[in-house]
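First comes one chain, alone, set out as structure tokens in the form predicted alone.
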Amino acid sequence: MEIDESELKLDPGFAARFEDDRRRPPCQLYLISPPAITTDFVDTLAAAFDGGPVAAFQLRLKGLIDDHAIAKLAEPIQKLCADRDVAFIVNDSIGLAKRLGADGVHLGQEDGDAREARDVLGPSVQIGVTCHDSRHLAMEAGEAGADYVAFGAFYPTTTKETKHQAELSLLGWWTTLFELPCVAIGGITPQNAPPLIAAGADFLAVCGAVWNDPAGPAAAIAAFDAVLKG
């Protein structure tokens, strides 16, 4: 029988009953590409990286289905990420991640299994799995060998359609019980990021707040960096 997690609400104070795990590294930034890019996007990305530290960059081009076109766009971006010591992650496609020799792949619930990705990509590639607001999906992903799980959306977002609303208590529950890193995603800005950091997010996945910042991506990344440093 499938369990309805909505009937098993987490205690918002669950994590507070346990000693804080100081072994977890400080929260870091996980940057996602805008939905569409052009050949000069690499310059925009370089400017973003100039704003402050970014741990990972995910290439997510939902409107472009031609792997050849994506691979051509990806080449200078991947090189830039390597030069800046930023992990280069491909969204959705295990095959494209293998073709590009990417540092990782991020899988939605309909994009394949972490076990399959591991078999195809090998032991060193980072595998992330979208788990929405589900503890069950996150535990399944961990058992399947994922390197991180992503929860969200935490806030309203126009970047992509969302059907799931995650609660802050989910981050505290996860990081209290599991060592596997978790990523918070969905409508995150420098202004609303502090509660996610305090709740235990290992990474903040950001998109629109960076690319739509009127002051430019470097200023946006610098604002996030200031929040992360507290």
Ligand SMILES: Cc1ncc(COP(=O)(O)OP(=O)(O)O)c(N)n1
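Model, not experiment: these values are computed from the prediction. Residue numbers run from 1 along the displayed sequence.
The discussion below concerns the form predicted in complex with this ligand, not included here.
For this session: From the candidate stretches 181-189, 66-74, 194-202, 44-52, select the single one in contact with this ligand in the model of the complex, where contact means a heavy atom within 4.5 Å.
Result: Careful reading of the contacts points to 181-189.
For this session: Using heavy atoms only and a 4.5 Å cut-off, determine which of Thr130, Ser134, Gln126, Gln78 is in contact with this ligand in the model of the complex.
Result: Checked against the cut-off, the match is Thr130.
Problem set entry | Contact test in the model of the complex: Ala150 vs this ligand, heavy atoms, 4.5 Å | So Ala150 counts as contacting this ligand.
Exercise. Would Ile32 sit within 4.5 Å of this ligand in the model of the complex, counting heavy atoms only?
Worked result: Although this ligand is absent here, Ile32 would touch it in the model of the complex, with heavy atoms inside 4.5 Å.
Exercise. Can any non-hydrogen atom of Asp111 be found within 4.5 angstroms of this ligand in the model of the complex?
Worked result: Because a heavy atom of Asp111 falls inside 4.5 Å of this ligand in the model of the complex, the answer is yes.
Exercise. Could you tell me if Thr175 has a non-hydrogen atom within 4.5 Å of this ligand in the model of the complex?
Worked result: Close contact is absent here: in the model of the complex, Thr175 is far from this ligand, nothing within 4.5 Å, heavy atoms only.
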